[in-house]
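Just the one chain here, laid out as structure tokens, in the form predicted alone.
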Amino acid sequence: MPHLDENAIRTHPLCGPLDRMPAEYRGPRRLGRDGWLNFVQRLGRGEEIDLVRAATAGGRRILDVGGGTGELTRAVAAESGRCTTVEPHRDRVATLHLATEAEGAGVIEAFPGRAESLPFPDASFDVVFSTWVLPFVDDLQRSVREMARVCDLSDPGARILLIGGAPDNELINILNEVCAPIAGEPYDHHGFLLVTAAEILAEEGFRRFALQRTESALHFPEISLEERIDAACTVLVDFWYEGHPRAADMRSALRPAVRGHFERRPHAIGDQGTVLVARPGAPS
């Protein structure tokens, strides 16, 4: 696969929609605990997990920025023997430590911390990956520069892998179309996050890029259509807007869009991703 430069990333269809590219970062999205847990309990990430395992294979010192549930951290550790992760929520850090007790899980080293200030010396890792984290950081540029700082530019296998929402992401598009206007918020554009990350990484010496697409989905196994609609409206609104004063209005407004979606895809709402891989050197 030929490598792209940062200019090609900016105009690439996988970083779209290009006609809605914002001029600046909208700021972090805040997740509520219950909304996030209900979301991840329904999320199937099989293809994404396989892709990340393959993309990090061969790494000797691997860092996961934003361990979350630990699903990817555990998969990478099982494949490579060891994975380090940084997670801002201390209860999740404790859970990630327990994963090291499972037979065949590999070694997981979990540290409390944030993407903006990674608790490691320069060039500590040859592989750094961060999935679905950029929409939630306080300082986008500083977070990406920190990932570049701790990745060993001199290592021949050095790479940084980031995942954000694809232009056809069903979940993000529904929320953007229905809920963001009710909340008075701007369009949530994940392609902008990846484009910005690519420009920063290029400044830091990572100038060979590749883009791929991956599939994940929220699953709604309820038999009744009405139960599926109720569940989906609750999960989607609480994922982005748990505790929002207009959450009930959002759930009501979502019903026609969710009903129409389930007519086409009865038991799932896609969470499709764009995968950006950056390596040192000039594009070929």
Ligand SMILES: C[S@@+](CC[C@H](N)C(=O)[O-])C[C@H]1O[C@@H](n2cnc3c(N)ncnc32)[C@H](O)[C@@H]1O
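When you see a residue number, it is the position in the sequence shown, counting from 1. Source: prediction; values computed, not measured.
Absent from the display: the form predicted in complex with the named molecule. The rest refers to it.
Among 251-259, 224-232, 64-72, 211-219, mark the stretch whose residues have heavy atoms within 4.5 Å of the named molecule in the model of the complex. Among the listed stretches, the partner-contacting one is 64-72.
Do all of R159, T196 and R207 end up near the named molecule in the model of the complex, with near meaning a heavy atom within 4.5 Å? Answer is no for this spot.
Classify P88 as contacting or not contacting the named molecule in the model of the complex by the rule of any non-hydrogen atom within 4.5 angstroms, answering yes or no. Yes, P88 lies within 4.5 Å of the named molecule in the model of the complex.
Answer for T131 alone: is it within 4.5 Å of the named molecule in the model of the complex, judged on heavy atom distances? Yes - in the model of the complex, heavy atoms of T131 and the named molecule come within 4.5 Å of each other.
When the contact criterion is heavy atoms within 4.5 Å, does E116 count as touching the named molecule in the model of the complex? Result yes; E116 sits at the interface with the named molecule in the model of the complex.
Any chance L31 has a heavy atom within 4.5 Å of the named molecule in the model of the complex? Yes, L31 is a contact residue.
Exactly one residue in A77, V137, I172, C179 has a non-hydrogen atom within 4.5 Å of the named molecule in the model of the complex; which is it? Answer to the contact question: V137.
Any residue of 19-49 that, in the model of the complex, places a heavy atom within 4.5 Å of the named molecule: Residues within 4.5 Å: L31, W36, R45.
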